[in-house]
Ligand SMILES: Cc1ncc(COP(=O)(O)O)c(C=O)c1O
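Just one chain is shown here, as structure tokens, and it is the form predicted alone.
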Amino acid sequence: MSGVERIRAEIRELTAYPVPAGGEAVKLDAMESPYPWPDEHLREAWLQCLAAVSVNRYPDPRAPALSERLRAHLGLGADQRLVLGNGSDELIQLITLALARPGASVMAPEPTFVMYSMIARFCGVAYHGVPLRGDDFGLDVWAFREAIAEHDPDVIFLSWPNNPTGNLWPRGDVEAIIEVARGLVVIDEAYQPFAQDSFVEDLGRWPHVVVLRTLSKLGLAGLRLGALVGPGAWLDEIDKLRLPYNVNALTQASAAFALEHFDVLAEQAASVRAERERMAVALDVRPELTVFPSAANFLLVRLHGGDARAAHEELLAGGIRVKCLHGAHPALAQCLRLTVGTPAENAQLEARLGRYLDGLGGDGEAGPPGASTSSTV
């Protein structure tokens, strides 16, 4: 065997995660915050902070100053550990690698964050998706418990709120899964600033539960910083796989600075929450749309009588990017995911989408379901 044939077959069969090219657009496709640092005074203080960083030296691999600020911000108890990652994706990969023994498996609801299944494949680990309820994307607790009994997964990922559906499953449903799981349960709280609920306060209640957080959705996506928190028995083992300089010095300094001014980020998140609720009401009056409840910084909408791909193209033509999920998973047929932007950006989105919907005829029947199950959500 020679050449690329030496690469594992399951890797060669994969398609790289698609990221649209940059350019001028109203960017409402990636669940980013629409808000930069709000004033020149804060920007200048941040730049002074960065200027003091010795970029000729390797970053401190333990990031002690940032770690202590994060611990205080999260209210972690002394018996809980914290591991930092180059975004949540790296931490998902470290968790999966740590559990990737022969016969291991990963489990998650479907549809959900695509990196759970992709990283399982990267690591050569079996992946089991458990369908969400078709009517409201709720957790099918009975089906999940049955799947756990059958496969005994080594790790279960629960995106809470869920991406791409946006809903926050009832705590009792999540706890019902935790109670029967024998492996690690990872509660991914990427959208916690918009849900305003958390399992961090419950850490220690169960010995096999950890919580994943990120600063990306709060306006710091470019920093690539994630945090895994939970019992030392798990995190000390996972930390052994972390490359020593995985969080660079500029990210460490910027994130520590951001936590000093967290009230600014919290105020921006409150603005996004308010716009999310306003948008949901405004879009829900359209009979051509179903707007699903969201506790995240985006809305999932389903088109009736129209085509999600055509609507996506219409929005692109108007310089507005959203995520078309039609074809990503059968349950997401004719769905678009709309990141909440600034009021002005949201107004542009609503106007352009309204123009497309106004041009529809027909009786409001839903379009044909997608056939593909390849997920890039």
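Just so it is clear, the model here is predicted, and its values are computed rather than measured. Throughout, we count residues from 1 along the sequence that is shown.
Note that the form predicted together with this ligand isn't included here; everything after this is about it.
- This ligand in the model of the complex is not approached by residue 175, whose heavy atoms all lie more than 4.5 angstroms from it.
- Residue contact check for residue 242: none of its heavy atoms lie within 4.5 Å of this ligand in the model of the complex.
- Taking the partner from elsewhere, residue 89 is found to have a heavy atom lying within 4.5 Å of this ligand in the model of the complex.
- Contact check for residue 28: every heavy atom lies farther than 4.5 Å from this ligand in the model of the complex.
- Contact with this ligand in the model of the complex, judged as any non-hydrogen atom within 4.5 angstroms, is confined among 121-129, 242-250, 190-198, 278-286 to 190-198.
- Among 224, 208, 302, 145, the residue placing a heavy atom within 4.5 Å of this ligand in the model of the complex is 224.
- Taking a 4.5 Å heavy atom cutoff to this ligand in the model of the complex, the contacting residues in 151-174 are 159, 163.
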